[in-house]
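In structure tokens, one chain follows: the form predicted on its own.
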């Protein structure tokens, strides 16, 4: 570890939470240089929905590279890109009755969000975008302006403008009409809010503390957007690609956003890749108006195509996520019942968490879990939520083993206040 301390920037973060040197990984396991095995309930912050080195994807990647397949091509046409476009349309979009043009904005989630912002402002001619409390959309300046977390925002070093932050679903309590409040701001010319170009949101706020938008709230928000000719940008970067069950987190509600941001598990292998989907009538960028050197990451195209064909040509993975969701929730409810303090279980599908009033409890559970061989992170404004992101493909026995470690870790913190 001395090498990392000596040469790597102080900005590093996750390695402080999980201070091992990892050497190999497979499926749901991370293995360090001392052959210690860790069950991974972190999954690359949602970038590894299909686990580490999934064989159906690895074999396609090795085959492609062994044939000297193109790895970098900017936005030039390649056989790998053509196969991805065709597969994404035939397997993901068409069966869901969705019609979107596909943009390759750059390799990461924040690239997708930045492209969506620029496009929405170009379409509408308006500058203001409404984002929501506790939202997280990225670390570049446009995305960071949307993000609620004060610590992350402070890192910008400059004022972050052209965004209005409004209350997310249940932010003011379940009785508050946050959509009505938002409409009052929009309709009142003296509210101080400029008519937005777009609303941007996550249906489940992952980094913000596993906050779940209700079906009614989402439907009302979309109706409000249509009423005032405001675009809806759905950030499905962490909770898409099956994390909540269906491929898109919003599809169970019958909603069709104007623009969709995807990344993280889109490549299926942890390779950087992002897409920005827009309805055809919104495809108004001029050639080269938005570009980036690494938007043509063909190795990621290969694994993304393989992932879609392997996991999304039927609904077996979605059904597995739904089964495992119930198992996870039952265990989290049991853990919550052990604590006298105000504790809340949150989430959908295989993104779930336990919210504690005292953030030290959540961090203590994460630390105890690591000592016992489970990688699990915290989230929320003060890291007060223990957040579960197991691979969607994890076998039930490994899921149960990880949940048992989580229960043991929670008991340890509950019984030994010194651990927090």
Ligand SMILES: Cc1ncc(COP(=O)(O)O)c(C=O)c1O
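Keep in mind that this is a model prediction, so the values were computed, not measured. Numbering follows the first chain given and starts at 1.
Heads up, the form predicted together with this ligand isn't pictured, but that's what we're talking about next.
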For this session: Among 108-116, 153-161, 69-77, 189-197, mark the stretch whose residues have heavy atoms within 4.5 Å of this ligand in the model of the complex.
Result: 108-116
Exercise. Just one of 311, 168, 136, 250 has a heavy atom within 4.5 angstroms of this ligand in the model of the complex, so which one?
Worked result: 136
Problem set entry | Listed residue that, although this ligand is not shown, lies within 4.5 Å of it in the model of the complex (heavy atoms), from 211, 238, 298, 305 | 238
Exercise. Heavy atom to heavy atom, is residue 207 within 4.5 Å of this ligand in the model of the complex?
Worked result: yes
Problem set entry | this ligand contact at residue 264 in the model of the complex, heavy atom, 4.5 Å | yes
